[in-house]
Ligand SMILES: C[S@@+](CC[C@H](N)C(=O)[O-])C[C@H]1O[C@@H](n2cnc3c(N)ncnc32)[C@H](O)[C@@H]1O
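One chain is shown next in structure tokens, namely the form predicted on its own.
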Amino acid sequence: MLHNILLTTSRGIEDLARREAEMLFRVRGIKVNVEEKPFGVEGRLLVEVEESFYIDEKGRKREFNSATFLNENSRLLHRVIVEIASRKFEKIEEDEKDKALKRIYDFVSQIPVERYLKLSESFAVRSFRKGEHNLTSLDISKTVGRAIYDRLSKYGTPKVNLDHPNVIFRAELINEVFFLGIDTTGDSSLHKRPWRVYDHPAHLKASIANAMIELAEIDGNASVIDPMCGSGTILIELALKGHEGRILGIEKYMKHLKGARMNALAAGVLDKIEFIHGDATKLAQYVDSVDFAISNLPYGLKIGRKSLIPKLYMDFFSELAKVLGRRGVFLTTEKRAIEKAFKENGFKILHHRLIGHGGLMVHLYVVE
């Protein structure tokens, strides 16, 4: 028996999330088929997974819960949603508001949602929308919630709890594609790590940090540095993956450096990371050589004065050229400034892609 799981992640790293999901299931000996961008929707994957079982400690046969497995083991996903139904609504973006909502209500009211919760359990609907239609997330939540309530009313009195529901229905309308499922992740996305006790004003999502680590292709006991480490996300995620090489972080502002140490302590990896108070444009003063450099560089609003970026990048990559042994992975919105700095300091671009982060599409580069 097969069932579908809808996965969400950052736009632009769907291929990496797919590879991770396939690897996790392969280790368990479970066959899956993973589709990137179902219906053309970015930041989504659809996993078709076969039913499987295991024997518990008391010798009883139990069904293996694929959704729980992904929630507990993925480093790249945001949400794990057991799909109930999906549909592409033709020209819904052209519909009047009431007509569009009726089409959604009629579709949901035909779905046997009673299979997914007990009458004694409370439910709520969380929604997400993207596209040109004149519907809000609240419109979708109310409409889907009413359709579910009306259907469940055939079997008794449904319980709605918007704050602490037993079951969360996830409704997504992205352009003309509608998804409905059970959100097994809950109200806090997986990229919001429990170890984050200090928030940098422009911190990097842990899922993107892991994507950068994957693209670096770090091996063995290689040394890794984040020369502008902020609150330490990249370094902490690398340490949590069990990397045994030297891990270093440099941060100019003591407030953020203290925050990074706090986060590393909360994650249980403070002893695995060397934090240095210093200036990345003077990198050679702190390290003689390093194998890999991975960093979410200052850009746009992160730096305050955009006019400072070209010189900052030029000075930094001039220093990095003195110490980098193998490969660097960097994130920025400043395409022109960084590519000029690469060229003038002898770096070769091995890979480039766009990634969705904080409402922007940012450039990711792998260089050597």
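Worth saying up front: this structure is predicted, and the values here are computed from it rather than measured. The numbering used is simple: start at 1 and walk along the sequence shown.
This protein has a second form, the form predicted in complex with this ligand, left out of what is shown; the following refers to that one.
The partner is not drawn, yet in the predicted complex one stretch among 133-141, 158-166, 264-272, 249-257 has residues with heavy atoms inside 4.5 Å of this ligand: 249-257. By the criterion of a heavy atom within 4.5 Å, C229 is counted among the residues contacting this ligand in the predicted complex. Proximity of G278 to this ligand in the predicted complex: non-hydrogen atoms within 4.5 Å are present.
Of the heavy atoms in P298, some are within 4.5 Å of this ligand in the predicted complex. Looking at A171, you'd find every heavy atom of it more than 4.5 angstroms from this ligand in the predicted complex. Only one of the listed residues (A202, L240, A85, L117) places a non-hydrogen atom within 4.5 angstroms of this ligand in the predicted complex, and that residue is A202. Distance criterion of 4.5 Å from any heavy atom to this ligand in the predicted complex singles out L312 from the list L312, L45, V329, V49.
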